[in-house]
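Okay, so here's just one chain, in structure tokens, the form predicted alone.
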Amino acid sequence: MENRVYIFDTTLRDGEQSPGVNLNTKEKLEIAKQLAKLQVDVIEAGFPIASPGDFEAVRQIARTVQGPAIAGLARANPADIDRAWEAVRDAGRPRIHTFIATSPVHMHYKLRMQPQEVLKRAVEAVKRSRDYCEDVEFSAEDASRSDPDFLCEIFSAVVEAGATVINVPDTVGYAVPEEFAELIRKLRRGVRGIEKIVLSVHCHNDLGMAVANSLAAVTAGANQIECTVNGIGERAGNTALEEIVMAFYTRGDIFGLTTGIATDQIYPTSRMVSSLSGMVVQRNKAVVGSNAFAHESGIHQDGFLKERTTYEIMTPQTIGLPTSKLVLGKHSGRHAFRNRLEELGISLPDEEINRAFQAFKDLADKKKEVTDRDLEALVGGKIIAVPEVFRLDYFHIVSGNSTLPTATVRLVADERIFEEAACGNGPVDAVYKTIDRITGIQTTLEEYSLRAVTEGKDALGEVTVKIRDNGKIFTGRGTSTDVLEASAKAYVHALNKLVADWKILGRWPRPVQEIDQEGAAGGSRTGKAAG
């Protein structure tokens, strides 16, 4: 098929060469099985001569994994090629991938060989590989910095010697897209027999252009891309498999190309590789990053809720994610907030939505992301609202293991501000005694409990208090990332419930002037107007 691009996955070879990554045989086998589910065309399972462990991993994969071709890498010398064949020979579709450097800097300094010696070695390597199997790939290492005429010469020779795939690596990520595309076009014109073989590219990401270079190459005539899951690999990594595949999938109008990839396996494969390699996927990584299908901006969330395609060019389900994510944070709007509550099965009237939304905004200013458990805790105390006779406006606490805890609290009552201070046995006790002085209400604190309702250092704390008055119990709840603030809110909430009950019995409110008078008379539990 002329519009078919083959996906050659080198996660287990080039990807494992990432600094700090060391996969064992069992881990490599698990990844290889997942790559087969992903339906890549070729799995480069490793570099068999590199170590006994690498050899065993390649051999186990060749014997176990069905579907993709299984390739073993070999330098252009007999020992490497023999070892590679020994490792892949039991595969249903074995491939030997042999290579030698072709750039002037590599030939002169690394190989210490003349171009014709390199050509001779390449031809001998391909011929020896063909003695073992029909599928042989040849790579010209550092091709992007090689003389194009020499590339045409060496590629023509290895095709004649039996190579079925020739690979053009941008080994150090030096190329730019148009330059790399022009190299591919020149090879298409200058390599004899190229119409009979697969033309492959292998790009590194040193300048952040591995994916762009690979896409440019296929538009110029390449039909195999060598890549890794999550783009892992030497130095800055390789072409990212998921980005290539989804570029073809999403922009078929531009590329008109397809792959055989089962796209719904992209995300599971990404998670597995990240977990086993220990290489965390950055949050803003294209396609598979945790932010790739997440929306926090209120404008974006509103547009997305009205029509998904306003801010998503592909669906999360396409790559194996169940749904997009509306991240509730300080940039979120009322539409997304109400939508998330409905998803949680919480339905509130408009007035309560407004109150809950304001509480959400206050919390969002204190923590980056508000979770579902945060919302449930926030709304839990507001579904049955009580009038706020007293509202916490401000508190300040001085405390320590060798300091007498002292609290200053400011409450708003009847649109007037009241402020007092008091000491206590601890910071919470000091806050509660200060609130008692302001309100003049004498109750008994029956119960105080604190729990974390979310995870992490910025966890939302929920405080529940129970106060007793004339045999009745009133429960108050308060939530905040600051447990002292949550404690103050819970106590004020309970007092407001108590006052609401007094109103029903005709015992409240007392005029604010009465509070002022009591304060002037030196009432120990009464606050004074602050102005």
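We number the residues from 1 along the sequence you see. The model shown is predicted, which means the values in this text are computed figures rather than measured ones.
Below, we turn to the form predicted together with a small molecule, even though it does not appear here.
Among residues of the shown chain, Phe99 is one whose heavy atoms approach the small molecule to within 4.5 Å in the predicted bound form.
Under a 4.5 angstroms non-hydrogen atom cutoff, the small molecule in the predicted bound form has His204 among its neighbouring residues. Of the heavy atoms in Pro169, some are within 4.5 Å of the small molecule in the predicted bound form. Residue contact with the small molecule in the predicted bound form: Glu16 places no heavy atom within 4.5 Å of it. Screening 161 to 169, 427 to 435, 274 to 282, 390 to 398 for residues having heavy atoms within 4.5 Å of the small molecule in the predicted bound form returns a single hit, 161 to 169. Contact with the small molecule in the predicted bound form, judged by any heavy atom within 4.5 Å, is made by just one of Asp80, Glu420, Asp135, Glu141: Glu141.
Proximity to the small molecule in the predicted bound form, defined as a heavy atom within 4.5 Å, singles out one entry of Leu375, Leu73, Ile266, Leu199, which is Leu73.
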